[in-house]
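First, one chain by itself: the form predicted on its own, in structure tokens.
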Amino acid sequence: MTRIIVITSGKGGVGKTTCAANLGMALAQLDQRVVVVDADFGLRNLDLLLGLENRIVYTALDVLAEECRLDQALVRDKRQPHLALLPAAQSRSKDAITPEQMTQLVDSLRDGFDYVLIDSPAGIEMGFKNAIAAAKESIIVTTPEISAVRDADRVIGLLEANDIKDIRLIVNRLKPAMVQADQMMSVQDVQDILAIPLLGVVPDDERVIVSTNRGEPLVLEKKLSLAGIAFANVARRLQGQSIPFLDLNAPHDDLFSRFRRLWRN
């Protein structure tokens, strides 16, 4: 049975598309047939992170307009045969597609793939509504910052209101030293606020910038960095494996004390 998972956040810039690219590649490395769908019409970036930008001929909108077949719009990854990308149109707005059309597109992908990962645009407007239209599961990506966590909490409410109950959390760009110094929320802080199951914790890593610029997801490295290991572990957990979390968390105490220290600092 095909799993349809939307990867989303409330705030932009939390690394959601990086998560989508790395999880797509990591699941494909586990011999899963994966298609990553860029639902950010007008601002597509997923093709860049996968290094596939020069191979795009058709987009999802061309499929809907019946100007090409679905298989013509799918861009097969040049390194991993189990991974494909359905690109968004870059020159159109988020209103160029409706939730019904997104559902139609995703339904047409069910037969050929084990996973459909939908990379949602930030915010809660039409792009978000399109991205979640066909999803049955969701991964919330947030950084350990109060504004990002607050927006993530809002998105969780919207997902639940749209009958997406299987919602899990990735805390991205955690800086353990700052957590130890009470200058950053810990993973436990974030979990206490959002109250959804933890799927992964990804440490802050400058190699993400290099990876993005090269179009090579971190999980492709021969010697994985901690962030690369974290993404690979998330993929295994999605597969149902019991994988312990990397030990990146600082000791924590009660929630009120943590907020008090954060505001003071």
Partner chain sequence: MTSDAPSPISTTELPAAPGIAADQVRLKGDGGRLLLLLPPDTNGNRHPLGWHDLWQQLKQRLSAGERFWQPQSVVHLVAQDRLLDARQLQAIADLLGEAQLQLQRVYTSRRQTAVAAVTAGYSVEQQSPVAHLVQTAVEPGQALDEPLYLQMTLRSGVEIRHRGTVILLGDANPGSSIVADGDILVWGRLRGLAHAGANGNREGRIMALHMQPTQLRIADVVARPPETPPARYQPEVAYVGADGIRIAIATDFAKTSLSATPEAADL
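Positions refer to the first chain, counted from 1. Keep in mind it's a predicted model, so treat the numbers as computed, not measured.
Keep in mind that the form predicted together with the partner chain is missing from the display, and what follows is about it.
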Item to check | Candidate stretches 155 to 163, 173 to 181, 101 to 109, 70 to 78, one within 4.5 Å of the partner chain in the model of the complex by heavy atom | outcome: 155 to 163
Checklist outcome for this item: Contact with the partner chain in the model of the complex, heavy atom within 4.5 Å, among D192, E137, D114, E145 goes to D192
Next on the checklist: Counting any non-hydrogen atom inside 4.5 Å, which residue from I196, L61, A28, V35 sits next to the partner chain in the model of the complex?
Outcome noted: I196
Checklist entry - Just to confirm, R168 within 4.5 Å of the partner chain in the model of the complex by heavy atoms? => result no
